[in-house]
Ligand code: AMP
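What follows is a single chain, given as C-alpha cells, in the form predicted on its own.
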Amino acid sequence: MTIQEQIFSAIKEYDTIIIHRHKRPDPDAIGSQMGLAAILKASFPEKKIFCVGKQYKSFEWLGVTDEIDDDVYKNALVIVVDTANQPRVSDDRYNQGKMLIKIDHHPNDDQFGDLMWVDDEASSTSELITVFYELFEDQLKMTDNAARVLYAGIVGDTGRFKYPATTSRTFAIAAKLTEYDFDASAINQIEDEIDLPLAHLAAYVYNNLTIHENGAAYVVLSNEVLEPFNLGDESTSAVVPLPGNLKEVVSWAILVEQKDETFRVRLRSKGPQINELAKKYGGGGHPLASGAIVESSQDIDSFIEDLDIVVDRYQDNL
C-alpha cells in the first residue's frame, strides 16, 4: 500500500478524527486543516471531525476551530497538517489520540507520527490535501468551501504563484479548484489587503532595511518599534515578503522581538539555501523559506554575520 492508501484506510477506520495545524498559522495551515475537514465531513457524515488550535480573528474567513474535551481524543485518529516539528503543533494534545498521522510539505527533520506523508517539493500542504482528494475522488467529496480554503492555502504559500516551489502541478490543481463555486478573485484580494497600521509598518521596513553589498538584508522589529503600530506578532508576517521586491536583495531576515526578549527570525531567499542556518539557530524550514530564534539582542550581530557567510558562498559559486 502507498502512504496515501494507508492514510485513507486509517481515515475510514476511525469514527473520530481530530485535525491539528501549526502555531501562528498562515493561510496554508488553516486552509489544509479546514479543507481536509470539509472533505471528510462531506464524505463521511457519520464521523465526528474536529479542527483544533488557537483561533485568530484575522483568519475567521477561512474557518473557526472547535473546542473539545480531552476525552474526545480517546480512540481518535489525530492528523497534524503543515507542521514540520512537534513543538510547533498548536494544542499539545495532538499525541493523546490512538493513532497519529503527519501530512506536510516541509523538510522532514522531525519524524513523528505512526504514518507520515511528507513531500517537500510540494508548494503547500493545501496542494497535498487536494492531491489526496484526487487520488480517492471516487470515494471522497469535494465541497465548494473545501475548494475555497484549499485555494487560499495554495495562494498564500506560493506568494501568489511566484515562489520557486510553484510547479505545473500547482497551477493545474489551483485551476481545478477554481471550477467550484467560490470567488477566487475575492480570495486573492483578501490575501493582498493590509490595513493602515500594517502599511505604516511596511514603510518602516523599507526605510530601515539594512542591505549589505552581497545582497544580504535584515531589519530588526523590536518591541519598542512595534508598540506604536499596535500589531500582534502574527500580523508582522505580512511584511516578510517585502524585501524580496528589491532587486538588490538576495536573502533577508526579519527579526521580531518577542515578549521574552528573544527574536523570532523569518528567513527568506531568492537563491542561497538558508534552512541549515535556521537549524543552527533552533529553527528550520525550506531551503528558501525558514524560521529561527535568536536568543537575545546581543546575538543578532552573530546571526547576521552567519547570513553574510551563506550569501557570500552563494555569490562565489555563481
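Quick caveat, the model's predicted, so the values are computed rather than measured. Note that residue numbering begins at 1 and tracks the sequence as displayed.
The same protein has a further form, the form predicted in complex with this ligand, not shown here; the description that follows concerns it.
*Asks:* Just one of 288-296, 56-64, 38-46, 245-253 has heavy atoms within 4.5 Å of this ligand in the predicted bound form; which?
*Replies:* Heavy-atom contact with the partner occurs in 288-296.
*Asks:* At the 4.5 Å heavy atom threshold, is G282 in contact with this ligand in the predicted bound form?
*Replies:* Yes - in the predicted bound form, heavy atoms of G282 and this ligand come within 4.5 Å of each other.
*Asks:* Just checking whether N85 would be counted as a contact of this ligand in the predicted bound form - the rule being heavy atoms within 4.5 angstroms.
*Replies:* Contact check for N85: yes, within 4.5 Å of this ligand in the predicted bound form.
*Asks:* Pick out the residues of 250-283 whose heavy atoms come within 4.5 Å of this ligand in the predicted bound form.
*Replies:* Going through 250-283 in order - heavy atoms within 4.5 Å of this ligand in the predicted bound form - the hits are R264, R266, R268, G282, G283.
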